[in-house]
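One chain comes next, on its own, written as structure tokens: the form predicted on its own.
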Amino acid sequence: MAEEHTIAVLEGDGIGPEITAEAVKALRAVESRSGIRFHLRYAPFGGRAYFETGASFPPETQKVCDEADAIIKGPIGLSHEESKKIPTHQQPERGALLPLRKRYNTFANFRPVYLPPELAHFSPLKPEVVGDGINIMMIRELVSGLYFGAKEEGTGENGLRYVKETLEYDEQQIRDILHVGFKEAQNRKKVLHNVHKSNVLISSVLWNTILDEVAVNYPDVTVKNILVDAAATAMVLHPRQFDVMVMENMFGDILTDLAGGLVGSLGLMPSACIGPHKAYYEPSHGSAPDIAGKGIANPYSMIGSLALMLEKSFALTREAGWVWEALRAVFREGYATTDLADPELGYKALTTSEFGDMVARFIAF
């Protein structure tokens, strides 16, 4: 009997449906070559879902996700003007994304920062800094910390408006993400950079205390501790020193976007969000409503997220390799989407659909 998997497909907003369609092309090419069957169940999610159903993460979508083996998700979010038409608590990030993370406890966010030699010239960094490429796995805790803590706003006795947001972690939440970081380091170069701010934040003091306790289980991994501000500087000046980096939620939000700058575009940044029983996969960038429907969006990060799904949810390492190799092959052949195409460097521009077609052909070959 052929291997089968059911996947929830949440196309999202803006360019989401366009780039999701290209990831589906790649998946169908994998299906054709491998004989594995992938059953896709589409469901609305995000701003478009609100206008269609009155909820950004409607019950029917929750049911589709509950029944799926994994979730592939396009970016969500609307223009400023469109967002104002949605109640604050139902706006896509608050009404869909955070509830999705909470529902499946997708605490481990993997963001590969991958710039192989054939893509190295896309980086704005000097060639001598990039060298023969960048290959970092950034691991971010995703369901705790400042973003999920208690929030309060009001007016004080002095008549001044105030806000209060709480950064909360317990030791189990910290321990869980650190185990993920150590295991990833064991599978790579056995070096783990621990990003913290213990000179100011007592949350980082606890984080580092738990790290020391967890580290005894991984004697083959070398830990290198680095303050988050120093890490930001080092990522620009000497990115090749990093292999696996682990960090709390807000640090990860900021540094992974910085990493998008290192490789030249967030369009080259896929991600995986993994929980104990379910995971979802998404590009790291936003929904770019200003270019939606123009056929110029870069689907690389969406297709790369598909490759992460094959590897991490289904243990299809060989098939994931087909996808990564196909993505690299497009650039080797001298093609790129309009955000990266540069005639002076010999790159011809492809539309979103043409890029996906070429990736699918390379997979099927």
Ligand code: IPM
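Position 1 is the first residue in the sequence shown; the rest follow in order. Quantities reported herein were computed from a predicted structural model and do not represent experimental measurements.
The same protein also exists as the form predicted in complex with the ligand; that form is not shown, yet it is the one meant from here on.
Heavy atoms within 4.5 Å of the ligand in the model of the complex are found in exactly one of 279 to 287, 156 to 164, 211 to 219, 196 to 204, that being 279 to 287.
This chain is displayed alone, yet in the model of the complex one of Glu82, Glu118, Asp243, Glu93 has a heavy atom within 4.5 Å of the ligand; that residue is Glu93. This chain appears without its partner; in the model of the complex, the one residue of Leu125, Leu78, Leu97, Met137 with a heavy atom within 4.5 Å of the ligand is Leu97. Contact annotation: Asp229 falls outside 4.5 Å of the ligand in the model of the complex, judged by heavy atom distances.
Residues Arg111, Tyr147 and Asp253 are all found to lie within 4.5 Å of the ligand in the model of the complex, as judged by heavy atom distances.
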